[in-house]
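Shown next as structure tokens: one chain only, the form predicted on its own.
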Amino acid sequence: MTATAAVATTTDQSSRKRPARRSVRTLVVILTAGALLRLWALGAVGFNSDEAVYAGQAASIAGDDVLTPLFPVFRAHPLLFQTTLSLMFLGGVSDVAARLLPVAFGLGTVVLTYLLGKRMYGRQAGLVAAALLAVMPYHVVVTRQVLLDGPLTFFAVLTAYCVTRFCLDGERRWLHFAGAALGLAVLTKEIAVILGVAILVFFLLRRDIHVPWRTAAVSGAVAAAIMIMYPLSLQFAGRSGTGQNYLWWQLFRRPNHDLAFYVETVPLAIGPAVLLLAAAGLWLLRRKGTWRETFLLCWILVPLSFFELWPTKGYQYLVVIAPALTLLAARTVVHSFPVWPPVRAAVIVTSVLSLAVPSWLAITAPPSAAFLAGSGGVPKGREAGEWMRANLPEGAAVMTIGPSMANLVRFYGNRKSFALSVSTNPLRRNPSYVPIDNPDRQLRQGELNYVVWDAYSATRTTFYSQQLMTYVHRYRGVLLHTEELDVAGRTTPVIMVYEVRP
């Protein structure tokens, strides 16, 4: 090789490395913004009910002497996330430390979204999708909480990445990796099997992508081998009925929200700009459609259809489709304005700001007496629990309106607690909860010593709120402690602790 050719080769290599370096720098900026939104005032408000349960399970796995009797290890869901979290509790239980794990999963999902977007639509599209997800209110709020849906979304994107590599490269190992990632998603939250359905629908629709039956069989076997760890652990622990009871209850329970719930809550959380760009791209670029859009639409529509029909609806459940929406939006931005860089830059900046500002407002908003499960912590729940831990005698039993406050009493107050609204009919209650069979008898016999009223549960069920206060008056309840919020310049009691006497 001549000196001139060597110089030319070195120059070519340097020119190829520049875009990669710029992408890394841009991704670092994106992750910094995402970390700021997820870490800011992370512990300002204590846990909500689900957070208390998952953190309580992790503490039990870690062998915490106080929380182990209050939170059984085996409840409703698999234990991959809780087991990982338990490692952080070996040196002591902390709600702020617990939230760092879902934050890490959230930022990891941003990185995976970039890698997936880069493979699907190019480096610029990957960066745009990562930026949108990093500051999206929906993803930010969910990944600031000790919930299973943030880690589930991480494994969903990892699964999608492996499927995409198989479709692009044709290497069978990537479909095997996809099976392993799907198995980990199911071990995080069993409802992830719906992602497997989405992948199956995709391959059935795209006959142009050939999947050898042996490759499909091995991939399915890999996924099944990982998924089966949870039922096996239940079997060996003698708790095989737990999962069956929970599934039965979920199938036949009354809906907790109406059919309009997701339409009313999720679009604003995802961001109108993301939804508009995703939909516009599907129309404007319809002649350039490939298997990629089919895959992303299956990823979106199959879970969306399932959760819309499923009787249990949670604010955080649809966060799993958020990365797919950002990828479609990024495709629109990058491929609809290829010759108009200033317009493209303006669209990107406007879209990111339209998400970042609501995210900042959501994490810095003052506490409210209105609470939507899955949207954040329960204001004053931690403070009330800590007061009970310091002031109520050990061995005391507490009655609450609903199981949400009962979980907070157990986690922060370290006292046994039971919810009045839990049905005595096994088919009408979460099998994880123990009902109060006869409140009058248990109050008369001193089996229940304290009663906790909270505004959040009272808003959802006035009947049980009134019934609980009836018991307070009947058994000469004495108000011991009140937690208050300043709402619009007005002091509002949100949690009250009573001592009752037989």
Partner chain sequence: MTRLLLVLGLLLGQPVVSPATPIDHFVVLMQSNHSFDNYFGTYPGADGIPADVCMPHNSDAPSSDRCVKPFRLGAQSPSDLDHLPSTQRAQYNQGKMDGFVEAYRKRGRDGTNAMGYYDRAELPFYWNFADRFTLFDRFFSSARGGNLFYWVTGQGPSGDVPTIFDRLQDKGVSWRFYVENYAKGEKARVPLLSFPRFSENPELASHIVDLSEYYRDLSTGTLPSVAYVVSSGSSENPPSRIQAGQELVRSMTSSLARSRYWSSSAFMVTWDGPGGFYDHVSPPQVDRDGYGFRVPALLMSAYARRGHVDHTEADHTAVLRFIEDNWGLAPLGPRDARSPNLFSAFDFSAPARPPELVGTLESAAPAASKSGVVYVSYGLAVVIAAGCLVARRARRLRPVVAHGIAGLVAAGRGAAQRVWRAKPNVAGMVAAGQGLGLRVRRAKPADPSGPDGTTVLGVASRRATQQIRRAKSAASHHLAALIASARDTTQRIRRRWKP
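Just so it is clear, the structure is predicted and the values come from calculations on it, not from any experiment. Numbering follows the first chain given and starts at 1.
From this point on, the text means the form predicted in complex with the partner chain, which you will not see here.
- Contact with the partner chain in the predicted complex, defined as a heavy atom within 4.5 Å, holds for exactly one of 164, 233, 265, 375, namely 233.
- The contact residue chosen from 294, 336, 215, 86 relative to the partner chain in the predicted complex is 86, the criterion being a non-hydrogen atom within 4.5 angstroms.
- If you check the partner chain in the predicted complex, you find no heavy atom from any of 124, 452 and 486 within 4.5 Å.
- Contact with the partner chain in the predicted complex, judged as any non-hydrogen atom within 4.5 angstroms, is confined among 340-348, 201-209, 307-315, 220-228 to 220-228.
- Although the partner is absent from this view, residue 105 stays clear of the partner chain in the predicted complex, with no non-hydrogen atom inside 4.5 angstroms.
- Proximity of residue 39 to the partner chain in the predicted complex falls outside the 4.5 Å heavy atom cutoff.
- At a distance threshold of 4.5 angstroms between non-hydrogen atoms, residue 458 is out of contact with the partner chain in the predicted complex.
- For the chain shown alone, residue 135 is not a contact residue for the partner chain in the predicted complex, no non-hydrogen atom being within 4.5 angstroms.
- Counting a residue when any of its non-hydrogen atoms is within 4.5 Å of the partner chain in the predicted complex, there are no hits in 261-299.
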